[in-house]
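Listed next as structure tokens: two forms of one protein chain, kept apart as structure 1 and structure 2.
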Structure 1
Amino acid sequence: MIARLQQTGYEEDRLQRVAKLLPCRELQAGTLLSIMGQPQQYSYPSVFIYGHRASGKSHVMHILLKELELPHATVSCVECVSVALLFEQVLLSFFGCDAASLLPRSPSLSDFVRIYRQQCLEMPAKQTRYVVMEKAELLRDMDANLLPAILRLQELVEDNVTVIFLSEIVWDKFRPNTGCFEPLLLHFPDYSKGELQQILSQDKHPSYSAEFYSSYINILLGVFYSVCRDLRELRHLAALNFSKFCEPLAEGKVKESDTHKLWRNIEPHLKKAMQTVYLREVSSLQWEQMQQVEEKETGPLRGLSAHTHVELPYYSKFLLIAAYLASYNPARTDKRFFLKHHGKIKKTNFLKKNEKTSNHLLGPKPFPLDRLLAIFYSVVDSRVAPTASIFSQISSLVTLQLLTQVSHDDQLDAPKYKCAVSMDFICAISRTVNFDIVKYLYDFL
């Protein structure tokens, strides 16, 4: 059942077409349309629409403006790296190329408003003009006066123009400190599970029945809904995994109505997809290829994060291990771990964990170079001369971003470092050199 959109001033059949193109968004489109009013009437100077990603903000705007043939300029703030591009886009869509070419090389807002006014005298608006700003949160990072000026564009250019901002971030985070013209706020709520099901079921496969596809979507949502509500992401996942879902059907093992068997077949597959495709560990192309090569199980294929394993020289490995130990162990325990004859130290002193939170929870601590080298000499069995190559290996570890230099105040004299690798990574490294790192970590004592 498609609700009717009503607004005088527009043709009835056009509104019907719009309503058909906007499933589950009739209410929002209706509100928006009623705020926009009839084409020749004034509308509110600025409307701010916020909602989650893929909740149909751009889609509704696009369909409304296009189907109702309203004069509009759509500006994506991601593309506008300078304000000149933004101005040019607006002038181009409203007045054609000639107006856009009038802009000087590095235009100020003043130039833009002046040219807009000039053009406006020649071509006054018969209908409300709309400027749609997508990803409006980026406007905050541009000039400080840009956002307040755009908010009151209607007043500045004295034209029937309405600016519509689309953003994922709430308006409270936009407000400049001296205040501005407040826009009309409009929220696009997220799609409920039923609505997602309804929208996703629309793009069914022609060779299968609608119920079959709908049951597939149901299973897909059952797995992914608790993690992801992004329509685009879900649609992508649905398209990727459908062939796997149909497989038993093609082989003739089950019938279409045999939902339980189909579910048993697809569920582990989808769970695996969450750890791989959803995280973009495995690209969509790889995933599709994997499904075609039936025999090969999907697990062994190594995703992006498995490739983080790097081949390092022997001493670099030990340097990295030493850096990890220095980062995650408190300095007062070094004596106990790395000195052979550390004399009598009460064991209870060390075993007592007075800090509740372990270092693996708080993250790495910075350490000086001296400490790194001391631990390094202690963990490497053979005698190593402190040659230039050892020091250059430290700095190359920094360039590889396995270590980070903490304070940039001094390059040579007592630099401080932090270890920036994960536990799994360092365990893998220490296994290659037969070093039991867990024995040396204070947290795991």
Structure 2
Amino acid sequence: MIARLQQTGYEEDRLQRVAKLLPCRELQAGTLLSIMGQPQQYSYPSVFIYGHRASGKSHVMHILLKELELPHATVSCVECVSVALLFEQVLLSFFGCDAASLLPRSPSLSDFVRIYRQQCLEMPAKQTRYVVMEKAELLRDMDANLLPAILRLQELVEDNVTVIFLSEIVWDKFRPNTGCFEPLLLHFPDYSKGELQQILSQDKHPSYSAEFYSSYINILLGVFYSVCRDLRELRHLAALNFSKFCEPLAEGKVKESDTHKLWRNIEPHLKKAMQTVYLREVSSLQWEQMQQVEEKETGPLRGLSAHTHVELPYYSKFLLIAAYLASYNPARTDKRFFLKHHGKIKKTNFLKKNEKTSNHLLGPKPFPLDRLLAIFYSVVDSRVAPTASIFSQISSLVTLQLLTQVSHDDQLDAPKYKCAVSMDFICAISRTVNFDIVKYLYDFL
């Protein structure tokens, strides 16, 4: 049942169309409408909307502003790499290209405010204007005076304008030490399993019944929901694996009601797809071709995802190997494994009697960055300078969730990490670079 949206000043049919386009986000849409008020009224100067990735923030704002035909400027802070592009985008959306051309080559905040005021005299606002800042966390990397000024833009330009920030992090990470105008805060929670089921079931295939596609989504969420709550990623996975789910049906082997047989057919393919969640290192067509090849071929790498032996850069593989060794070897064993002239170390002293539990059973241990790099320079088969490229590859491994940063973001002097890959995974990586990792693992001495 679709919830009703009510707000004076807007046509009833438009509000109902908005409610249909925003399943499971009617509550947040209603709260936003209450904050925005009637189109002609002054709204609150700034609103801060936060929530995890793919929780519907941008979608809700886009639908509201588009369907209700409200004047707005959508600014992507990823694309606007300078304040000049940001100012130009706002003036272009509200007043046209002539106003945007009035900006000097390197505009300051005062230039933007001056031109905005001049244009307001010529084109006064009949309705509230909205500036939507997507990926607003990037504003913290721009000029220090930009964020406090945008928060009170309504006061500076003396216009009926509201700035809406969309971010994946909380407001406490934004607040400047010198203080600023406090925006209204609105949280978008993650979709629940039932809400994801409802939303994904709307993408049903025209050749099959809605009940059949809903049962497929239920199976998909049963596998992936514990590791992935991202609606966009789940939608991609649903589209990628649906043809495999329907294969027995297309061949006439089962009926739509034989859910158990359909599940047994799709289960191994979903488990393989779990190894590439979020990585998206191959296109959908390439993934299907890989599945066909793997069904025909057998080998030591069969069943492992493509990124284990193809997609990682050369030095990233050694960085991942070094991270695995740092996570599963005690720090005191580094001298034994990686120092060429370590002298004689008695095995009785090297292996402590009280260390009977396998480190692989205890799980990965955190390690500092300098230890990771020390092991990396020892295992790599050529001299590597400590360039920015090496450090950027560490960040990429964290982004790919192959490494996990366990220290705080603002701990710059000695960040700590943990390796997040399995033994089979790292063995496959090691084989591609001809590195025998088992010889360097403390548990296999």
Partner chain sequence: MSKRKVKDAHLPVGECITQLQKILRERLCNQQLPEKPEGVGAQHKHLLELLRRTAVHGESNSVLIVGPRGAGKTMLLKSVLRELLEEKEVQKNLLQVQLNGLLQTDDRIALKEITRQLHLENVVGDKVFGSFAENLAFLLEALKKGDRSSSRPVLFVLDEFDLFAHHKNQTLLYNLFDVSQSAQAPIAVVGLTCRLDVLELLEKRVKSRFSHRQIHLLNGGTFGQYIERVQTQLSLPQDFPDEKFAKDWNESVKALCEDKSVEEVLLRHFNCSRDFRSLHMFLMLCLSRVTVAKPVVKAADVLEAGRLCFADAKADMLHGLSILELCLIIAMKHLNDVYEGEPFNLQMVHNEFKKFLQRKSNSMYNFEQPVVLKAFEHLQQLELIRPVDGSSAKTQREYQLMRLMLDNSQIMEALQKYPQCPTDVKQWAMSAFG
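Since we're looking at a predicted model, the values are computed, not measured. The term rigid core refers to the maximal set of C-alpha atoms that superpose within 1.5 Å between the two forms. FYI, numbering is relative to structure 1, first residue = 1.
Comparing the two isolated chains, structure 2 is the one taken from the form predicted alone; structure 1 is not. In the core-superposed comparison between the two structures, the C-alpha atom of Ala19 has shifted by less than 2 angstroms. Relative to the superposed rigid core, the position of the CA of Ile35 differs between the two structures by less than 2 Å. Relative to the superposed rigid core, the position of the CA of His72 differs between the two structures by less than 2 Å. Core superposition gives Asp436 a CA displacement of 7.3 Å between the two structures. Fit the two forms on the rigid core and the C-alpha of Leu400 turns out 20.2 Å off between the two structures.
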